[in-house]
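One chain comes next, on its own, written out as structure tokens in the form predicted on its own.
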């Protein structure tokens, strides 16, 4: 499937800023399930862009803007050819061993209730699939964004959250069961955020002995396939968020995000 991604972010400042620095993790890599055909990042003002890699192997772009600046728009657009591998993650750059992803984070600490989500069956692919469904049943997913500080335990206790929140619950439960697990940020043609246009998507990958890395989407209960575009990975959403940064200047910052994903017209 050929998918077109259009991700637009606009920052509006109530006072002119002397300097704006942003870290972008918005450029996907080729792997067995996807090939990047075209990808570009544009900014509507004078800016310096510097591409690099982080410790997870994600492509990063540092954006530097010298002020005074009152507003910044970042436009990311590209085309990706995807294949359905039934959730299997093959041909990815792996600078870190799976064991690294057993690390918990403040957002993914496992409570007793989270550990209780793990099915009492032998470890392996069947258990991981059942766990994915258990998280889907336990957390009602609402489109859009929620506060970045919500922990997995808080999400499960409330029984609802964003796709990011739901993924954090799966990460916490999987690690408590002995599976290395990581969060994946990206895009989904038919996920819960597809109609809200205000947020990208995220899901999880679990390392299963004898199988390798397998992708699971607890917001839908399925294994990601050719409607997904994989962009960046990390221990939690903080490591793979599309944009983060700092600014030098006072006032209030307003953020507006619009994300659209569509099939190539020739496939519709």
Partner chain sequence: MGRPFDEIRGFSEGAGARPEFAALGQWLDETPAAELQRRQEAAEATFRQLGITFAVYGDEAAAERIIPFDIVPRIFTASEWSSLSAGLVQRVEAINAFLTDIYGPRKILADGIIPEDLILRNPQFRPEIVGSRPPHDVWSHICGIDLVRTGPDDFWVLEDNARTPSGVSYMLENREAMIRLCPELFQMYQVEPVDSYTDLLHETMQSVAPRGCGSDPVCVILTPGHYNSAYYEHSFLADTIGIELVEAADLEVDDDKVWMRTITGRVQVHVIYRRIDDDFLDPLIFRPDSLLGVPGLISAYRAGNVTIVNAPGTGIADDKAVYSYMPEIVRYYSGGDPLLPNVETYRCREPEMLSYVLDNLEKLVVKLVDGSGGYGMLVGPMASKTQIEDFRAALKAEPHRYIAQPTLALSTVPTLTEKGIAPRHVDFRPFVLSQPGRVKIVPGGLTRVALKEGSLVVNSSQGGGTKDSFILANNGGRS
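Numbering follows the first chain given and starts at 1. Quick caveat, the model's predicted, so the values are computed rather than measured.
Below, we refer to the form predicted in complex with the partner chain, which is not included among the displayed structures.
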{"query": "Partner-facing stretch of 35-43, 224-232, 207-215, 56-64, counted where any non-hydrogen atom is within 4.5 angstroms of the partner chain in the predicted complex", "finding": "56-64"}
{"query": "Among the candidates 93, 102, 189, 125, the residue which, in the predicted complex, approaches the partner chain to within 4.5 Å (heavy atoms)", "finding": "102"}
{"query": "Partner contact for residue 249 in the predicted complex: the partner chain, 4.5 angstroms, heavy atom", "finding": "no"}
{"query": "The partner chain contact at residue 14 in the predicted complex, heavy atom, 4.5 Å", "finding": "no"}
{"query": "Contact test in the predicted complex: residue 97 vs the partner chain, heavy atoms, 4.5 Å", "finding": "yes"}
{"query": "The partner chain contact in the predicted complex: residue 21, any heavy atom under 4.5 Å", "finding": "yes"}
